[in-house]
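Given as structure tokens, the chain that follows is alone and in the form predicted alone.
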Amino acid sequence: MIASTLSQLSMRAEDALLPVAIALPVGAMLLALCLGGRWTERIAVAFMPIGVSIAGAVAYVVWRDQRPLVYFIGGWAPPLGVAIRADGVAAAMLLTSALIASAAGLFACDVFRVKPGEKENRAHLGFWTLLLAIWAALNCVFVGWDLFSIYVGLEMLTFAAVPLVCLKGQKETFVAAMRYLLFALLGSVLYLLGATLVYAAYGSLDIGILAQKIQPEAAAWIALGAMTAGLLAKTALFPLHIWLPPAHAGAAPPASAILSALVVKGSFFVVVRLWLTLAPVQMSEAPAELLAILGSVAIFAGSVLALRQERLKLMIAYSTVAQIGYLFLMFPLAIGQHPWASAAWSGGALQAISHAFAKAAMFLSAGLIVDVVGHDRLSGLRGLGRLAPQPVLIFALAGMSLMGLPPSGGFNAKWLLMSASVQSGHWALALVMAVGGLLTAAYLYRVIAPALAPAENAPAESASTPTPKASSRGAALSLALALAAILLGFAPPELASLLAVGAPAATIERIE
């Protein structure tokens, strides 16, 4: 045992990228918090290219070497120490988070900037420090290889995301943030209870060790069930979704983009870790079917609720509830040594990535629309395409990916999942995805069709209409995110190769 442990200590220089990916945003956050004023924005913006570079380096090294990066904190390997690990999907999510957080941050320069002669307020200081905190927390969750380390990342994510909801200081956003906090804390208690039961039963919290020890017995079922229930509350999977729409719709556009595109992905990523990496196949089959059923219900319920909304941001928020459901369809398809398992694994990962880019672009475009017309009521958007063609184009491009239209990344993801469903005999899941795409088209049509129609009375521009420079910068950033969601449909084979690195043992031999 000691020899085996010592043999794992031969870390490479590249492995040190992992602690750096966590420590740098934490350091930037603390520095920004201490300096305050205009320095908060300057420090956050200065960190963005550094953070993207680190995430890109992690993804490149994992792809180049075709093996996960592993770093032992303090030089001690488990079970004596704590490991952090980045496999292919973790590296892809690190890079996705870095790109989207940077785009949302640059978009926010015109929303949360302390202008000359203006006093700093809570929102100015809060947004930039919370952005860096969320970035650090997501990195911690993605590279976590220890159940307690992941818990720390999830808690940091919660306590950074909740105040981001209510930066406006309005009563309704405060109520939404408190509801979010209630669900998040309930999820934290359940997760920590499950992790405690796992440690009591198996004497370890390391995912690699637990994957070899855990057995389909009562202690494991109860522990994994508690952790999963808590994570589903944080992810807002139907019916635990009621906190999400008011929280995401009431936040400022760059905050909404971060919350919808990135924050809910953190807890979903941990669910993947639990059931496709930690738990053996014999434990995963029954829960996988249940997760797919909940995902299917979320697709229908979220889409129907989105159809009923009269406000643009609320519609986009309920769309998030529906799109989250697609992520959970991968679970019964990605377990076992079957030829379709690799397609399901790649499809689920690509769905998480493409949805992140599309949803961030959609919320930012909604912010541009509100700046132009002064509201987000769907009934007042007729003729918007003539008044503000760029936000409408961005919204439509992001919608293409959400609908799963070719050649978008959403199409590739849903095609892989649907192919796996057909090959495995899960015809019901294939039908759910097909109908879900039609429902997505229906609620997006409610925005795009009137926007492209001739205006009866041109909407009056509000007093808050941004300068052309601000509009063009925000539109360029939103367009870049929407195009990223589309261009994922042309992803090279190297992306599939990256996603395969460190995939669950049940599927690794099937991924080429």
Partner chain sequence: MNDAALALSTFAYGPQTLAAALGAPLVLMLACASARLRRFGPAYLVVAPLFALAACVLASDSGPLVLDQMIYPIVLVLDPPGALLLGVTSLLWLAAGIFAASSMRDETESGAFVAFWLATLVGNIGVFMAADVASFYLFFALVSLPAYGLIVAQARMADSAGGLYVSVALLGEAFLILAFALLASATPDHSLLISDGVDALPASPWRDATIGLLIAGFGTKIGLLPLHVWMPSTYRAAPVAAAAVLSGGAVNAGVIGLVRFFPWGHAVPVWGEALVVLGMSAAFYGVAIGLTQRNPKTMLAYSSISQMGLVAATLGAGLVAGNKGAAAGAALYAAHHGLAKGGLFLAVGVLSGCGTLRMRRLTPFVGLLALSLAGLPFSGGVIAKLAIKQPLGDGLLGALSTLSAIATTLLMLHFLRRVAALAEPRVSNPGWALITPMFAMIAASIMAPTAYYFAIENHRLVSLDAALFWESLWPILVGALIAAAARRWLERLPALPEGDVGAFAARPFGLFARGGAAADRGEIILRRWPVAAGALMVVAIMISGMGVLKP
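Positions refer to the first chain, counted from 1. Keep in mind it's a predicted model, so treat the numbers as computed, not measured.
Just so it is clear, the following notes concern the form predicted together with the partner chain, a form of the same protein that is not shown.
Between the partner chain and the residues 322, 232, 100, 210, the one pair within 4.5 Å by heavy atoms in the predicted complex involves 232. A single residue from the set 476, 452, 45, 50 has any heavy atom within 4.5 angstroms of the partner chain in the predicted complex; that residue is 452. Heavy atoms of residue 416 reach within 4.5 Å of the partner chain in the predicted complex, making it an interface residue. In the predicted complex, the partner chain sits beyond 4.5 Å of every heavy atom of residue 277. Using a 4.5 angstroms threshold between heavy atoms, residue 430 counts as touching the partner chain in the predicted complex.
By the criterion of a heavy atom within 4.5 Å, residue 378 is excluded from the residues contacting the partner chain in the predicted complex. Contact annotation: the partner chain lies within 4.5 Å of heavy atoms from the stretch 287 to 295 in the predicted complex, the single such stretch among 287 to 295, 355 to 363, 258 to 266, 88 to 96.
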